[in-house]
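Have a look below at one chain only, the form predicted alone, in structure tokens format.
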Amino acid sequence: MTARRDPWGSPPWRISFTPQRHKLPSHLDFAIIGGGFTGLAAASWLRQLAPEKSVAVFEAARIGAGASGRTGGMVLGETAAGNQPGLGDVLAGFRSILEKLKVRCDFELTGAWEIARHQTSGEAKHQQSPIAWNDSGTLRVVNEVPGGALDPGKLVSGLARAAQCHGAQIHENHRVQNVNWSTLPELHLSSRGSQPKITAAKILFAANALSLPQSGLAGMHPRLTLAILSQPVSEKVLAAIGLAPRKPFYTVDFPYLWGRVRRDRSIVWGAGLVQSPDADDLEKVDVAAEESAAAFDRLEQRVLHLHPALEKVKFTRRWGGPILFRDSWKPVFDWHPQSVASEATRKGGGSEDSASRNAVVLGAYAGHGVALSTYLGTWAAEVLLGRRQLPQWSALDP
């Protein structure tokens, strides 16, 4: 049988875990919408902190089918808008979560390079840059920040395995079509022609750039970011282009470029954003279509001309991954607006009590989601359990 072609292309890592099948429950203590880093980490954490509570993850396709399985695997701390009050040490927290959940994903904290075409850190440091690439000017290292890399497929697999081991159910190919906001929220699912309904005491929306109307994130900016993979190169080539230290990199000016070296010495390169042709529905984007194919061609040509040592490099993969951002570049981590509205209605228009709100929405990581999504996913679990407050800087825009 011929494998079905993925319209977003196939990344080079593999998600090796398949969740056990379960009969759908009629009611849950916690329902999680989205089977990526955020949702799977939250499910594990909820069951670890409250093993008596029922938890289920609902994923429209397969676990990791969205941004989590398609990210380039570059790990950064903070948010895309920088550090935020009370955020804490994201990378240290991420490492601690991996250890507690026994997740192995080739995580390495090597540091990450900020690169640019302009001088920002003094002439001496600028001249000592390990790289000097030709890309609309000369790209050089201008700063090093905390960061590193990991295998996204292993992270998705490990988090899903941990969630299942702790007793959470994971339902793949179960899309949440909408939520009826009554006394108890009612999830309306779509599954192989049937339309089951499940009530949940509390919900976490963790679908990021997908299912925006249901998540309360409508009006934000979903795009498909593009990546390519080179064939493995020699250590001599890595040394010549300055990537022998294996530090991931990203530009702080435009045109944008990011990338990292994998363990087999293949190199991930990323740049470019593709918009949906129809109302920001990224599922309608095909990376083999004319616009996307042309963007991939341009990216490959950029890489080939960065340095003479790259002139004959071949490329083996093209793929896209959804990314969501808003104007402030801060993640959204807030009570779902319908949850707040329904609570106010039940109280006759009075003030809302955060302890009785029943749905949190988390997403819009703007390219900083690999560590941050897992870190905030566990935080969201604690919020839903009433053990922690939401941060002040992450509210939904009015």
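Position 1 is the first residue in the sequence shown; the rest follow in order. Since we're looking at a predicted model, the values are computed, not measured.
Just so it is clear, the following notes concern the form predicted together with a small molecule, a form of the same protein that is not shown.
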Just to be sure I understand the contacts: of 164, 292, 225, 129, which is the one whose heavy atoms reach within 4.5 angstroms of the small molecule in the model of the complex?
225
Note which of 103, 210, 115, 204 lies within 4.5 Å of the small molecule in the model of the complex, where distance is taken over heavy atoms; exactly one does.
210
Spell out, yes or no, whether the shortest heavy atom distance between residue 200 and the small molecule in the model of the complex is within 4.5 Å.
no
In the model of the complex, residue 70 touching the small molecule (heavy atom, 4.5 Å):
yes
Can residue 147 be called a contact residue for the small molecule in the model of the complex at 4.5 Å between heavy atoms?
no
Using a 4.5 angstroms cut-off on non-hydrogen atoms, would residue 368 count as touching the small molecule in the model of the complex?
yes
So, a 4.5 angstroms cut-off on heavy atom distances: do all three of 15, 157 and 377 pass it with respect to the small molecule in the model of the complex?
no
At 4.5 Å between heavy atoms, only one of the stretches 232-240, 94-102, 171-179, 303-311 reaches the small molecule in the model of the complex; which one is it?
171-179
